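This document starts with one chain, in the form predicted alone, laid out as structure tokens.
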Amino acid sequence: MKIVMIPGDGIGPETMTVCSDVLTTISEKLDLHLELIHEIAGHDSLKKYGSTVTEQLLATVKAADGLILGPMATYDFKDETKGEINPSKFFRKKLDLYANIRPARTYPKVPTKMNPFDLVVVRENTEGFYADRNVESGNSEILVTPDVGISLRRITRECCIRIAKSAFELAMTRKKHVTLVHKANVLKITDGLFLDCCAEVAKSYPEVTVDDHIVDAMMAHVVRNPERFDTIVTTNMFGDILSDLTAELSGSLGLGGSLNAGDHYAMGQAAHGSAPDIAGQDIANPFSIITSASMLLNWLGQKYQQPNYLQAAKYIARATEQAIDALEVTRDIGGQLGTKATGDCFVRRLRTM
């Protein structure tokens, strides 16, 4: 299978080098026959092509079997007329990657003030409060006067139904517990629609326990007792904020992997940003992108019924646990290694499994 690798900006090239080594190693070990296609987006693409992403790149991704996207300097890209397109948004919209799956869990050797927990946030990815993906013209923010701005929120039945199905399907492989997160006490129509759709989908999963929390209360519950939760489903912006919180509660945002999945395509993507303040210093944590790659392999294994891909994802997850337990990790999670050394140790561990 062909996987497009885009390193991104900031710390992206450093962490993506580790990810490429991991994928090459697991491919050789389990005969995955992976072909890694290295492409560029973000600042490098803007300099070379005049745009952070190109239609040719999209064609390359569509012709491949999967995509791994490194962190992007999204805040730098403000004017699409100058080619400053948010690459993450671009692929999510163009490939209809409506489900953003973001797991978070604790590890015994990673310092944290939390009780042990293992949960996953299922975030709707294509609408909500995100102004860059709500209307055909491309932006739903309106500057009425120099002192008045309006931003529109779009919520549709179709998108609510399919993200709810994604969450309930995932819950069936876990602890069969789904928590709905919303603000229906204020957003009565839009979050009311979200809750109605989730209730409709829940009827097909009678084995699953369902509860719900208002988003502000949910933040307090997650900080106090994250172990209460298993599969959490919510709309776009709430899910973005909540999943960053849960990743950090696990010990570091650098542990936060994610998968953006649709019916036909999927993209592994580190949950953190490009961190330009530490770029090039060999201190970035590569586990977020490693975990994201593992999630992509698992998705490919399920989609194409390839047991060796499912096994590859399990090997990477097991190697992650063992590496963290042995403190063969970067300093942000209790180790003393740099990015490259962490990757080298991880590859050696994979080879001997």
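We number the residues from 1 along the sequence you see. Everything numeric in this text was worked out from a predicted model, so none of it was measured.
Here the subject shifts to the form predicted in complex with a small molecule, a form of this protein not shown in this document.
Put simply, of 236, 134, 166, 88 only one has a heavy atom within 4.5 Å of the small molecule in the predicted bound form, and it is 88.
Here is the short version: of 262, 192, 276, 83, the single residue with a heavy atom within 4.5 Å of the small molecule in the predicted bound form is 276. Stretch 67-75 is the answer when you ask which of 140-148, 156-164, 67-75, 206-214 has residues with heavy atoms within 4.5 Å of the small molecule in the predicted bound form. Contact annotation for the candidate site: 19, 316 and 343 all lie away from the small molecule in the predicted bound form (no heavy atom within 4.5 Å). Under a 4.5 angstroms non-hydrogen atom cutoff, the small molecule in the predicted bound form has residue 285 among its neighbouring residues. In the predicted bound form, the small molecule sits beyond 4.5 Å of every heavy atom of residue 329. In the predicted bound form, the small molecule sits beyond 4.5 Å of every heavy atom of residue 257. In the predicted bound form, residue 246 stays away from the small molecule, with no heavy atom inside 4.5 Å.
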